[in-house]
Structures are given as C-alpha cells and as structure tokens.
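Take a look at this single chain in structure tokens; it is the form predicted alone.
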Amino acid sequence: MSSTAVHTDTHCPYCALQCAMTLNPAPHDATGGRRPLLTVSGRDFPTNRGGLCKKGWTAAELLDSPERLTAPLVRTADGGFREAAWEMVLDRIAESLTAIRVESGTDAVGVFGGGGLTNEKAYALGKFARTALGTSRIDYNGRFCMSSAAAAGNRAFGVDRGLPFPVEDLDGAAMILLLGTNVAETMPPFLGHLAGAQAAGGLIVVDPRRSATVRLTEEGRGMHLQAAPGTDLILLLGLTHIVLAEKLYDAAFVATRTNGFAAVRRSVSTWYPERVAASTGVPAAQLREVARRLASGAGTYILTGRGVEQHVDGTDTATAAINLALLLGLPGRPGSGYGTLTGQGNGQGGREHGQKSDQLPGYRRITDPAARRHVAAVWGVDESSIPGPGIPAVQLLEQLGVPGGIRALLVHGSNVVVSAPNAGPVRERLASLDLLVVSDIFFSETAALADVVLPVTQWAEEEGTMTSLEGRVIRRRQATQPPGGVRSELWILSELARRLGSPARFDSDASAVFDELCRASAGGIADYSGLSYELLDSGAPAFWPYPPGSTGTPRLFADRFFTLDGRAVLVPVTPRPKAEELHRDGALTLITGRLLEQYQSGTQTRRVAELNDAQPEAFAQLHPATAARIGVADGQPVELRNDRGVMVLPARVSADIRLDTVFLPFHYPGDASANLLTQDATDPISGMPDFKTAAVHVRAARVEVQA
C-alpha cells in the first residue's frame, strides 16, 4: 500500500459532524520504526473549525493496520477460514443466492446496510436489493439510531433532516435545551457551537447521568435535569403544560403556521408540574424555571439525541419535543430552532437513498406510485418489478433462519452481533443461515460467523459523498490506494448484479453512481439533482434540497413546512406502558451509551492503541449508595442479569449516576456486550429498539478461588 504524494482534503470517518481534515504524506522515520501511512491535520470548516476529537486525530492509523482484511475469506469444513480468489468467491455467492431465490422466493434473501456507507454505496445497495435480488428484505443499522426522530420529523414537518439549519447557527443561541445526548463525548468539536449559550448560562441538559456534557452546565446558570430513565416524554409533556398554562407560547406562530393546537392542549392538560415531578424526579420548581427560560426570548434551540428516542415510545417523545418547539415558535425563526443530532457518519444520507426498508432514493416512500415510476425509469426497470416495503431491522433479524424466513443475508457496514438488541438470539440466527456474506475492513464479530468475508475499501481509499447531520453534502476523497486484494463495494455489487442477471445496470465508478443518485432523487424531498462532484469540489456549501438552478437550502421552514398545506402538525401524544416492568424486586434500569474514545461497535476504535488503551474494557457505572447496598467497591466485579442474559463486569462507582440506574457502554463484544441485556421490543411507528430501559438485577459477582 502506498500513499499519494499530495495533501488530500477530506472528512473524518466517524460521526455525523463530519469534521474536515487533511491527510498528509507521513514524514520519513529516521529511526527505522513503523512509519504511518498518512498523518492527519485539522482543516477549517464550519462544523469543526480545525478541531478534531481523539478519534479523528488517530483515524489514519486504521489505514495500514496489521489486522486489515486483504483477501476474500471462505469458511472451511472445520469452521476456519481460507483465502480465495475474487472470481471464485463471487461465482459461489451468486450461485448460492440464485438457488435460494429459486427454492424459497426472493424474500428469502436479506440485505443489512450501514449508516457509515457513502451516499453512493447506500444508493447502490438499495438498488441492488430491489433489482438484482428482487427482495424487499433490506434495512440498515440506522434503524437503531435515527428512526424515531425521523418518524417524528416526517409527521410534524413533512421532512426529516437532522438539523434543518447550519450547525454554526447555534453560535448565536442564548438558550439550548439538550435532551438525551452527551455531545461532549460523542462529538467534542460540536461543543464550540454551544459556547455562547454556555457562557450566557443558557445550557440546559436532560440526562440520568452527570455526563461530561452536564458538567458544562455547572458554570453560571446552566441547569441539569436528572430525570429518571424513560421519563423524557412525561417531562416534555410537563414543560408543554406549563408553557400553555402560563400562556408562554407564541400564539401568532401557532395560529398561522401550525395545525392541531386544541388537541395538544387537551392532551397535556393533566400533566401539571407536581405530577410530572413525581414520575421524573425533576422538582416542579425546576420544571417551571426551564419552561419560563425557554420562552424568555429569541435565540432558543431544542436539540434531541438517542437518549430520548431509543425507547418503545421514542417517536412520541421526539414528537413531544417538536410540539414544545412549535408552541414556542422556534422552527423556522431566525436564530432559533429544533433539531436532532444524527450519530453515524452518514446517518442522514444513509437513510435518504434506499437502504431503508420503506424508502426509495430522494427520501421517497416506496408505496408512492409516482415515486416508483420515477425511480424505475432511472433504473431502467419495470416499476412493477420493484418490491413493496420491507420490514424494519429488528423484525428482519428475527426472520433469519426461521422456516419461511430469510435464508441468506448480505451485511455491509454493520457489526450486527454487537449492535443489535437482545444480541444472544441474533448471534444464533446468523449462525443458522444457509449463507452469510459480510463485507468489512476488519474481521469483525459478525464476520467471524460468516460463510464468506469480503475485504472492502476504507474511507481514505475511495471517492464518494457523505451528508452531515445538518443536511450538508460533502466530498470524501481518495488519499491512498487500498491493498491489492481489496475491492470497493460498488465494484462488488456491480459484479454480483451481472452474475445474477440484474435488469438494471450497475456502475463501479463513484462519480457515475452519484450522478445517477442525483437523477433518481430529482423531485423528492431529499433532492440532490442540482449537485455534482464538480460543484462539491468547488467548495460551495451544498444543503439539500438542491434542485437544478438553486443554491441549496441551508435553512428549512422559513416560509412553510413540507406538508401539503405548508403548516406544521402538532400531534398529541401520551405515555404508554413500558415493554417491561423496571423496578420490580429491586431491579435497576439499564441505560447504554458511548464513550469518548470508542465508537459504535468498536470495530475500528478497538484497533487503535491510543483509543483502546484509554478505555480497554466495558464496565458497569453504579451510584455509591447502590454499590454499598450490594456490597461492591470500585473496580470489583458485579453480575448483571435478566431473562435475556448475564454479564460480569468491573464496577465503576460514581455519584454521577442515579441510584436506580446502571450504565453500560455498548462498544464491546462477546460476554461484555451490553446488548446481551437490552430489549428487542420496538417503537410501533419507527421500528426503533428500546435500548435505554431494560430491567437488570445487579449483585456482587461470585469469584471462584483457585485451590
């Protein structure tokens, strides 16, 4: 592998902030030590302004990792793997897929994508599933990330874009309410955009833990609302009740730009502060102060994250946050707004162009006849051949290996064994498949179960585009050549499509795929049709929708929403019973989340020494009083158990968490996987799993003493 001799401007491979960076040829190492392939420098850009987090600074170390997959692998009879030639492997995959489709129908083949794939690869994967395979069984790991916020945004605004404004708009905020997000650890450069509100004492954070983000509120007049896990919906209903009861809402905005006011007013009438305080643990006086501060003037933003969305009522909770924002007149008002913080690198673009089970490119509904006609014409297929809507990720995984279900699965950009809820049965189902094909850069825990593993290009080895959390389309640029045995997923899909006799043509050139994506998105909500690599390479900001002749749309909702009548919809929501009883027999509520030095399933970050040395193992964070009750000290092993699994982890004792709560990071595999204990119950609207409220019994672990 050799680097180019030039400096390459690109973007970080991790979160949806998509910080700008430059990859540089590494200097010569006169000591004879291991020379890095490329080095990273920060680059000035609106989202990160030259700054990067630890993950970004060390991202180039993955490019020449000794653990890199460099040749296709096939499982041997004894359960091991051997290297194989590309032609043979692709022939074998195509033959197996053809036989399964003939024997069991097209929906016996499934596809599982990822929110880190480029727009081009996400588009090609959705097209491949529906034309080359003819299956409706496609979804992706973004279902675990943004689906509840997306569903809430669509029904309220008629559109789903994480931030409907540029992230730098937050610089002028006087008041920011953050719910369910720990941005200080998940996207540290984002903190620069909170500095103004923090300095003004206007940063308010809702979190069951005293997280790194919460600690930002402790200087000045910031506030921490330490609500009980799973009570964010009730808290938001209580804030809305106060805004209405005290007539703090923007009556003119509500009258002219929204529908549904009367129904929402009725729905929150009984959620008075004292009742909300009893459920959430947030004092009534604090609730009143927050409501009044949010309504105190211009420069107010409400931002949500996964902590409020990864529940069986996640869509309703995000909707309640939107209702509050609409009543305050925030969306579309200059200097104010509502948004949700997308997590994965291409979490926004990854759901816009077809790898989601119910969507076609341009964020079109797959059930819309006009959308089907348009996309079929771009693909060159009969619209009747495009399957209807599939099923969301958790239900798709439940169909693996069952009679009449999915017999073969293709996995791209996802480590399902670690990231899926209730992971034990998922592992068993993956192992039971007739064919499991995993495309990855490393031998992940999911790849270890595969029949075929395909080595694919990394971020700095490919051209492409990504879409940031603010709807900004950006260029990913190739800075180095991949190892000789590695191939782009665009090439893999085109080769498989040819072998499967696809009626649609597949191109392996990223620029050509992007041009086709733009045509397919034309007229859709997420319209990219005015974009091109040439325009993106010019450095011009590119916020969708971006139809031909426009200059893009950095700020949505200034004049109208994306609904038929242009008005936003206030949707009444009410709490529903939890999927399981949380505090019976002394159980604690398990919440999961991220660490600064790790990312998602850890497939990448656990292979960077600096990051992994900082957080080498999972742990269970407990309150000191809880630890004392069960008889454990900091660092001692605790057992966590429920009907889904059992884990033994070291305790990390801290007053930064509630007494009734235990926190696990979700980046670790095997017996340390937090998702051995999480629920696979899902939100009925979005299909989002309930990652944040599982009941677990925690006790001191029995340690066997060797004789």
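Here the structure is a predicted model, which means the values were calculated and not measured. Heads up: residue numbers just count along the shown sequence, starting at 1.
Absent from the display: the form predicted together with a small molecule. The rest refers to it.
Segments offered: 451 to 459, 623 to 631, 150 to 158, 350 to 358. Contacting the small molecule in the predicted bound form at heavy atom distances within 4.5 Å is 451 to 459. The contact with the small molecule in the predicted bound form, taken as any heavy atom within 4.5 Å, belongs to Arg306 out of Arg306, His374, Arg472, Arg137.
Put simply, of Arg209, Arg364, Arg429, His241 only one has a heavy atom within 4.5 Å of the small molecule in the predicted bound form, and it is Arg209.
Within 4.5 Å of some heavy atom of the small molecule in the predicted bound form lies at least one heavy atom of Gly180. Contact check for Met223: no non-hydrogen atom falls within 4.5 Å of the small molecule in the predicted bound form. The small molecule is not shown here, but in the predicted bound form it comes within 4.5 Å of a heavy atom of Leu595.
For Gly343, a non-hydrogen atom is located within 4.5 Å of the small molecule in the predicted bound form, even though that partner is not displayed. Not one of Thr10, Ile176 and Arg555 is positioned with any heavy atom within 4.5 Å of the small molecule in the predicted bound form.
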